[in-house]
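Shown here is one chain on its own, the form predicted on its own, set out as structure tokens.
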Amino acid sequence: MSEKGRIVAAALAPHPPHLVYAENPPQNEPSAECGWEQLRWGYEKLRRDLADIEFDTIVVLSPHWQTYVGTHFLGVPHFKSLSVDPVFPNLFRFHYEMDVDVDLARMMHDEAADNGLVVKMMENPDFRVDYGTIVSCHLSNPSWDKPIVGISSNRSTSYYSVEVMQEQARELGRITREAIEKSGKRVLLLASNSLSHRHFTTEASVPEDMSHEHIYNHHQYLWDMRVIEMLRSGKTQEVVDIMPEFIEQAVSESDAGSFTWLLSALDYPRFEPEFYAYGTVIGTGNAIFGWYPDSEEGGSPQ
């Protein structure tokens, strides 16, 4: 019998395109002087910890691949194209190239179907991968040397309720964990989302001018701090329990199900995770966390 697969690391990995813009990677056409260092340095620390861990595949659920009939999985072995952010084309015009772990994606798809979820394999070779998937994967693994499994956000919030969306995300997380265990693979999970998500409606003349950067309002900052303190205390089940209220009160991007999916896939860890950074981007609150189930305390493997 093959070795049982497992989740060896997981991260809350927000996807503001500004962070890629500020790092000036060769794939991105626009260039910046600086900006959003606290979050970018947090991602640097995350990458250092991930460098000490062996994993086969990155599995990511993004709020910006929105599907309205079921959950979809990338099902094409290779993608190469240009991603342009529709809101910030001046910041993000990114030439991406990625491999997809179609075998693992198919296992997740089949496991979900067997458990009654509506699912579909996305097999259009001309499909443009969403920028949330691209940004989170790039900031976590800029070498792009691992295949990914991309999962859509089934927007049940739009036609049912926040509660239905979160319940489906919990079930998808459980199914994801079981499919990974059956696969025999070592997997890194990424939840690609911000915390509070009320953002500015105008942009500074110099986007990377940090004198214009701050949280949108104190109310959403208080919610972000409450959730962060709960996560740092290992109260992941409690975070999921209050998720609908957090989403409503802080306009949280967790409405996409990404974060609940991640915590469910980890089976609601009670240990203290590694907290890398909190920072704002155009008024939104963004936290970078890492969970390492194989390490002695669950936090940083170093």
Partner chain sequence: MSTIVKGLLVPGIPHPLLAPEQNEGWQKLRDGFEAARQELIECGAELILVYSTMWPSVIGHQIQARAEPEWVHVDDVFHDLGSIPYKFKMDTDFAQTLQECSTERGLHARTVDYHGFPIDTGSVVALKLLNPDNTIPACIVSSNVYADRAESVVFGKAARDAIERHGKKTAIVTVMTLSNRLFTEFIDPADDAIHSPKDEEWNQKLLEFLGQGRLEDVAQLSREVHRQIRVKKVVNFKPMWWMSAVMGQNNNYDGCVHAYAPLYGTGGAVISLTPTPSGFGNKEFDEDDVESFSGDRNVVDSGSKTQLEPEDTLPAEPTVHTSSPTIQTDAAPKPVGSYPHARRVGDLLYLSGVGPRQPKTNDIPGGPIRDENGDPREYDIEAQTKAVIENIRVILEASGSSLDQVVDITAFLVDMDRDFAGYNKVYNETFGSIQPTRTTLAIRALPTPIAVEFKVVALPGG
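Residue numbers count along the first chain shown, from 1. Bear in mind that the values here come from a model prediction, so they are computed numbers and not experimental data.
The following text describes the form predicted in complex with its partner chain, which does not appear among the structures shown.
Student: Within a 4.5 Å heavy atom cut-off, is Ala22 in contact with its partner chain in the predicted complex?
Tutor: Close contact is absent here: in the predicted complex, Ala22 is far from its partner chain, nothing within 4.5 Å, heavy atoms only.
Student: Any of the heavy atoms of Gly184 lying within 4.5 Å of its partner chain in the predicted complex?
Tutor: Judged by the heavy-atom cut-off of 4.5 Å, Gly184 is well away from its partner chain in the predicted complex.
Student: I'd like to check something about Phe127: if you look in the predicted complex, is any of its heavy atoms closer than or equal to 4.5 Å to a heavy atom of its partner chain?
Tutor: Contact check for Phe127: yes, within 4.5 Å of its partner chain in the predicted complex.
Student: Can Gly70 be called a contact residue for its partner chain in the predicted complex at 4.5 Å between heavy atoms?
Tutor: Flag for Gly70 set to yes.
Student: Within 4.5 angstroms, counting heavy atoms, which one of the listed stretches 222 to 230, 169 to 177, 197 to 205, 134 to 142 is next to its partner chain in the predicted complex?
Tutor: Correct option: 197 to 205.
Student: So, a 4.5 angstroms cut-off on heavy atom distances: do all three of Trp65, Leu82 and Val119 pass it with respect to its partner chain in the predicted complex?
Tutor: The answer is yes: all three residues contact the partner (heavy atom, 4.5 Å cut-off).
Student: Can you tell me which residues in 77 to 112 come within 4.5 angstroms of its partner chain in the predicted complex, by heavy atoms?
Tutor: Heavy-atom contacts to its partner chain in the predicted complex: Ser81, Leu82, Val84, Asp85, Pro86, Val87, Phe88, Pro89, Asn90, Arg93.
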